[in-house]
Every structure is written in structure tokens, then in C-alpha cells.
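The form predicted alone is given below as one chain in C-alpha cells.
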């Protein structure tokens, strides 16, 4: 029958059991030495150092001489469970005011070890550095504590009964509530495989027992600093998320307001509908239509350069001027006069160097005449039925400079007769300037052909938008999509 002590696992446990009390001797004697030096009892320092030297020599013998060959003839001796000992009280202890402030740290640390004296040594050592320390006697208790309270660091023994340190580490890193807590693994066994396994599982670092005080302090300090930086980063990210959420809400409210100023579709005396899809939360397009008087109907669509809040504010401001007719001494039945007045009112040096394009038309119902003027804007399309019932298109364009470029520009108006059953499409350049996956831009001719075939369909505007979306591919269009359709 094989000797279980000489097996690899048995040897590891035996080394662990032999090293544990020796490590405690080293730990207590180091703290006593520090207290003796701090309190002026220097004669005791030499004796304490001799104790440490003897203990470290014994550890070396355990590591180098204790193997299966030496133990082959020995029967296993049952080990007694570790007994709780009273805390070692230092005869040299000074008040907290007398401790070395240069090594003090801040943070909450959980020390996990199944041996009470090990926990006592580690707790005392950590408290000397100013840390708040709690302890756990086993893995299950450690998991309960980290899930119930807040810790900045966990010092976790590897070899423990029932639930070892590696299993505790795995469960901590699998739990979203605890995975961010840094863990330093500790063990009386200096085994490289165990170190690698723990680091791969998410441990921050590894410390062998007995602890080198300088190394212990340095590694704990590094982990606490990383935890502090991570906490600050998380607070910063939370602040960013909260700010983003608030801005999203405000942008959504602003976008709702922009849509609210657009007039509703109508069925009489003119059938009017429209489609508006901004490329971002707030676009630079705006439009409107209204009866100036019983005979004159105005329709207009403008496109501010750029997108976002600034472009949207300018577009809403300009469209409200047109809706309210608040340009002094301006005849709103004269498209050229309206553009000239708008141009002088919205000079780009007074609008944060932003300008806009505009198409403005006035329909005179008794004569069925449409007068229109344009300031750097794409042509509108007039789809009219011919003798065969097919729809032919006419581009309604009048050359004119963008609105706001220079003062006192004169804008000329053009006129055309609107046949019964005709459809007018007032649009922005986002309705056709759409690139495909290869970067090839759709030209106005292709757009015009599509509208000749589909423009008068009840869902013609939706069909156009979907056609452009398919052409563009994933993601929103690069520019706002705005079109007003009027059936005469």
C-alpha cells in the first residue's frame, strides 16, 4: 500500500502544514522588530533577527530536503486541526501616532485564510499601513462578504479546505458584482503552476509566504492605486453616460419641436404630404407651406449647411420668419423679394458663418401660375400628365446665390403654368445626392427618372427613401432627406 504522505498532493499538504507556523513566527517577529526599533528598544532587535534567520533556514530545509525519497519509510501522521492562539501582543507597541506615516495607505481589504494566526499576522501587518481590514476563515465566507460589502482588495490564500482560493477567484471573476475587485493570491507554497493558473483566472498578483514587508506593501499599494484609478474611471464613465442620456433627451425634445413646426398634411383644397428624415438627431432642413391670402399659396424648403444643434436652430429661425411673414416691407407673394430680404436678414457673419439654400414658390390659384425663386437650392420637380396619361417632368429652377453670402443680392423669379392633376416635388439635395458602396453618387437624371415612375404613387415618397437606403447601405443617410409633395 502506497504512503499518501509521499504522494505529490500529500507532500504539498505536508510542506504547507510545516511552513505555516514558521511563517507566523517570521511575521510576528518582523512586526516585533519594527515596534522595538520604533520604541527605542534596540537591544531586542538582534535577538528578533536571529529568530527570523533560524525560521527562514528551517523553511529552506522544508523546501529542499522534504521529498518523497526521505519520507518513503515513514507512515503518515494524522495532523491536528490548527488551534486558535491568542494574539501576540507587542511589548514595544506604540500608539498610532508613533507609527511610520510614510507607509500608510487607505482602503478596505479582505484577508482570507483558513488559519487564524495567519489571518492575525496579515491583519496586523495591513492595519499598520492604515488599511481597514476584515477577514474570512474560508472561501464560502469570503464570497458572502465580497457580495455583501465593498472592498478595494482581496488577499486570498490558495490552499483552503472545502472551497480553495482558486475556486473563490473563479467565482468572483464570473460575477459582475465582484469581478472588478483586485485579488492578490497568497500561499505558503511557492509553486509556479499555481501562480500562472491564478493569474490566468484574473488575479492581479501573487505573494508567497512569508511576506516580504517591502514587497507586500508595494504590491498592495499598486493594486489599490489601480483600483482607485478604475473607480475614478467608472465614476467618470457614469458621469459621461448620465450627461449623454440627458443630452439625448434634450435632443429628442428638440427634434420633436422641429417636427412640430412642420404643417400637417392636407387633402383640400390642395393634397399635400411630406417626408422628413434627418441624418442625425437634429438636421439642418426645414420646410413649410401656408395660404398667404385667398388666392396665393406659398411653399418653401430650406437647407442649412451642416447638421446638429447650430444648423437646426438657424433652420427653425428662418422657417419661423417665413411662416409668420415677419420680414419688414416684404411682399411674400413675390419670391424674388422674399429671398432678397432673407439674404440681408441672415448674413452668415452674423450666423456663426452658416448659410442656407432655399426654394420658395407662390401658387396663384385663379391663374394656376406658380412663381418661384431659388437661392443655391436644387430644382423642384413638376410632374404633369400628358395626352397619353404618362407623367412628364419639368425642372423648376432659377439661378441664385446661397442665402447669407453677401448683402443686397437681387433674386429673380421664374413662372410656369400648373396643369390640373400635376404634382410638385419640393426637395433638398439629400433626396438624390446619395453614394453607393463604391462611392458613386446618384445624379439628378436618375432621381428624376425614378420620380417619373413612382412620384405620384401614394407611397412614392417612402419608395424613394427606401431606394436610397438600399443604395447607401447600412447606417443613416449622409444628409437629411426632406420632400414636400403637392397635388394640384
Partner chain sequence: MNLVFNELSDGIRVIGLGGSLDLAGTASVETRFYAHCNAEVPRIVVDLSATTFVGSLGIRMLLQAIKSAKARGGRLIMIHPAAAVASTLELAGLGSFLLKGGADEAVALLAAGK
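Computed from a prediction, not measured in an experiment: that's the story for all the values here. Numbering follows the first chain given and starts at 1.
The same protein also exists as the form predicted in complex with the partner chain; that form is not shown, yet it is the one meant from here on.
S.K.: Could you tell me which one of 284, 404, 165, 361 places a heavy atom within 4.5 Å of the partner chain in the model of the complex?
M.R.: For this set of options, the contacting one is 404.
S.K.: Identify which of 206, 297, 355, 332 has a heavy atom within 4.5 Å of the partner chain in the model of the complex; exactly one of them does.
M.R.: Looking at 206, 297, 355, 332 one by one, just 355 meets the 4.5 Å heavy-atom criterion.
S.K.: Look up in the model of the complex whether residue 432 has a non-hydrogen atom within 4.5 angstroms of the partner chain, and give yes or no.
M.R.: Contact check for residue 432: yes, within 4.5 Å of the partner chain in the model of the complex.
S.K.: Look up in the model of the complex whether residue 377 has a non-hydrogen atom within 4.5 angstroms of the partner chain, and give yes or no.
M.R.: Yes - in the model of the complex, heavy atoms of residue 377 and the partner chain come within 4.5 Å of each other.
S.K.: Spell out, yes or no, whether the shortest heavy atom distance between residue 242 and the partner chain in the model of the complex is within 4.5 Å.
M.R.: Result no; residue 242 lies far from the partner chain in the model of the complex.
S.K.: Applying a 4.5 Å heavy atom distance criterion, does residue 307 contact the partner chain in the model of the complex?
M.R.: Contact with the partner chain, yes.
S.K.: Among 234-242, 364-372, 392-400, 110-118, which stretch has residues with heavy atoms no more than 4.5 Å from the partner chain in the model of the complex?
M.R.: It is the stretch 392-400.
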